[in-house]
Structures are given as structure tokens and as C-alpha cells.
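Single chain ahead, by itself, as C-alpha cells, in the form predicted alone.
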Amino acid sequence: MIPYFVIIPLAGAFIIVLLNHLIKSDARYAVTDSAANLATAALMVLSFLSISKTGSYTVGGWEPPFGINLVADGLSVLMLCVVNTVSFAATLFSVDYMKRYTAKRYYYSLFLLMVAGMNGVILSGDFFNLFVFLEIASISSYALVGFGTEAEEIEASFKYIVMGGIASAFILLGIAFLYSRFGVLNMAFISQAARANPSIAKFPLILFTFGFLIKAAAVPFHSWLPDAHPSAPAPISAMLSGVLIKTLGIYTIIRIAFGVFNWETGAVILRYVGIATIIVASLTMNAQKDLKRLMAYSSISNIGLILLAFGLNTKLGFLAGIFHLLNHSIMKSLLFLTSGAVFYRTGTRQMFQLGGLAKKMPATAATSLIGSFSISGIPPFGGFFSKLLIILAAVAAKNPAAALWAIFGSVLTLAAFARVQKTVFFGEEKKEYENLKEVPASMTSAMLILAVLCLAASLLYLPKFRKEFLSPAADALNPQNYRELVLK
């Protein structure tokens, strides 16, 4: 089952373009939508079928360390579930939202390439193929950010390309140093070789940290994200904030720093970068008037919270970080889709130009309220429980300052999203929006799916579900467990 997470979206990306060249009528757009939805739905189903399975798959029968191997463990399978569920919701939302754009076949082809890249990054068992898949996902996202081809989109895409290129250079240089030292690039073999003397990989780890923190949009490398989000189509904003920066940034750095090398210095770096990210992004978020820029800074703030949790370098901290990563992927994707629904009907992202939309767009307003409650840490939604677990992990690690910074970020997030709800949905109704109506069913369905998941995610706080889903993911960050899975 493991290779299909790469094969299905990769094949779909080429099939969509081929079908649209063969079908010479308007029906090709329906074929494009259907093919993209079918591919992402298949990936979502495969993710949940794989949830209790682990294993290592060798491509072409070439065994590690020289062959390519794909590894599914507790963390990678959970990440696959998150990535492909959000991808399905974003694809469903795109069916009507993307009608205003031309060249839809290229949009869906790039979208599926991005999904293939993310799935490949999650499953890669060697550094070279991790870099290849990372570039596939990154280059696709560069094009998708600038898909509207207006000046604003092109400028944001260019800034994103520059920052992404710098990050990729750091990562590739780190891989080159590892290869020069170990002669192989398989993660499990390098982990085994470095077990006696982890300091031999210190310089490559520093390079990786810089590169992946840029991909994660952590402070001070965050400047590209607030520009990329407002410019991208709403489904791409949901993917960028919901899963792309988590997969290419957070997942990769924790997998390498903790799951391969058990790098204690890396935990200290992540902790302090996380605190700085929370402070800067939380304060900047409350000064925003553009709805999507506010949400972009909120994403950066929550990235800081996740980094802080992993930076505690404890089992409970890993659990909390994974839990909040999962929750934030769902709730922030939902919030970007609701902001896209608002823009779809009103044509503006400026909050002071909006007001009273709850009466005209009840489904959008309700799902936006659920997403706002969850990201602000209001019970009984998943965001409350993951933030609570981070605070408890900080206290258990005898780091009350970290707990206070987590509370600080949560309070400012609550203030920001209370303003969003009051201004956009429950403020004074504007005359120009008297004849407004709800968005189409495909867009509403996508938002409702994620809204239900915001509530369902709270179940993971219960001991039974935590043991079933979160604990295996946290255990995967033990290098010994990773080596045993691959080298058995």
C-alpha cells in the first residue's frame, strides 16, 4: 500500500493534462474536477486503511542502504491521514471556487504534484529522495501561489521562490556533507553509524535546521508566508498553511533531529525559536486588517507553539506537538476555506469593508466560528485540548516560562479571532451585501467536513485514543524504533 501514496497523485497529475488534450469540449473541466477528486479521495481512504500498519517498502527490491525505501511508522501514517484529508477537502472546495480561473487542468495537475511531493517527503527513508520530493512539492506550490498571474500574485510567488531556494540550498548542502561523511544517504543506516558519536553530524544538522525553519515560516524566516497566503487561491492557502509548511518544515526537522539523530541541541534551538515565533507573530497578527494576512500570522504563531512543544524534548512534549500539529492542520485549513468563501461572494478580504455576513452566509459563518473557537483554544474543540497538553508538558518539564508563553499566544489568538467574528460575521450589515447568498454546495461540504473534524479531534485527548494514535507517532521519534523498523 505504501507506494500508492506517491503513484496515485503523480499519475493523476499527468493523466489530467492528457485527458484535457484528448477531450475537445467543455466537458473536460468536469473530467478534470472528477479526476482530481477521485485521486484525492483514494489517497484519503488509503490513509485511513493504513492507520494501524507500519513497515518499510523497498523500491525495485534494492535493499537499503543503496536502494530507495519508503517507511511507514506511527508518525508518517498519521501525517498521511492529515495531508490527504485536507487535500480532499481543498480539492472539493476547488470545484466551484476555481471556475473564475482559466487553465484549470494545470491547477489540478500542480495540485496533485504538490500532494505527491508531500506524501513522498513523509514516507522517504533516505535524504536524497526526501530532497527530491521536497522540491516537487515546493516547485508546485510556487506556481500555485502565483496562479492568478496578477502583479500581487507574481510578486508573492517570486518572494516565496527566493526564500524556498535559499532553504533548499541549505538542505542540499547538509545532505552533501552527510554523504561525504557516511558514504550513504539512508536515514536508518546513518542513524546507526552516528549512534556512538552524534556530534559528527552537527554541522549538517545546523544546515538542516536553517533550511527547514525557512520552509516552516518560523521567525525570523517568516516574511514570505503573509504575502503568499493572500495572493494564493483559497484552496492553496488552506494547503500551504494546513499541511505544506507542516510537512516540509515541521515534520522534516523533527524526523531528522529527533527520529534519526536524537539531537539535544536541536531541541533547545526549536524551543527558543518557537518562543520568538509566538511573540512576534501573535503581536503582528492583531494589527492586521486583511483577513487572510491575519490568518497567515496566526499560522506562524501556531508554528511557534508546535516548535515549543517539540523543543521540550520529552515524550509528553512530542505527544502535545503532534496533537497540535494535527489540530492546526484541520482548523487552519477550515479558516482559510471560510475566508475564501467570503472572498468568493464579496470580492474583498478587508475586514472593515465586511459585516453582518452571518445572516447571508450561515454555513460559512458557523464553520468559521467553529474554526475560530478551535484555534483560540475554546473547549470542547480539539485546539483546546492540544494547547492544554502543551501547557501540561511544559509544566511537567519544569519549564513554567514555556507554559506562560503558550498561554500568551493563545490569549492573543483569541483576541484576534474574536475581532474577526465580530467584524466580518456579526458586525453591522453592509448595504452592498443585501443580496448575498451562501456559497455552492461543494464549497460548503468541504467546510463542513473540516468543521466536524475540529470537534472529532478532541477525542484524541482521551487516554484510549491517545494511546492508539498519538503514542505510536511520538514513539516513532525514538531513533532506536526507526532503526529497528528499517534494518530488521
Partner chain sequence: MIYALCLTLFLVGLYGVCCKKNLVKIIIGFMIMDYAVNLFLITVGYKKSGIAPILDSTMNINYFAAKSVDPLPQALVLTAIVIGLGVTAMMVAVAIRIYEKHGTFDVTKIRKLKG
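Every value quoted in this text rests on a predicted model; they were computed, and no experiment measured them. Numbering follows the first chain given and starts at 1.
Beyond the structure shown, there is the form predicted in complex with the partner chain, which is absent from this document and is the topic of what follows.
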Of these, Phe189, Phe158, Tyr106, Phe408, which has a heavy atom no more than 4.5 Å from the partner chain in the model of the complex? Phe158
Contact assignment for the partner chain in the model of the complex, among Leu369, Ile200, Leu172, Ala363, heavy atom within 4.5 Å: Leu172
The partner chain in the model of the complex reached by all of Ser34, Asp73 and Phe88, non-hydrogen atom within 4.5 Å: no
Contact stretch among 292 to 300, 232 to 240, 274 to 282, 89 to 97 - heavy atom within 4.5 Å of the partner chain in the model of the complex: 292 to 300
Check Pro379 for me: does it contact the partner chain in the model of the complex (non-hydrogen atoms, 4.5 angstroms)? no
Proximity of Val395 to the partner chain in the model of the complex, heavy atoms at 4.5 Å: no
Close approach of Glu264 to the partner chain in the model of the complex, 4.5 Å, heavy atom: no
Do Gly165 and the partner chain share at least one heavy atom pair within 4.5 Å in the model of the complex? yes
Can you list, in sequence order, the residues from 124 to 141 that come within 4.5 Å of the partner chain in the model of the complex, counting heavy atoms only? Phe128, Phe131, Val132, Glu135, Ile139
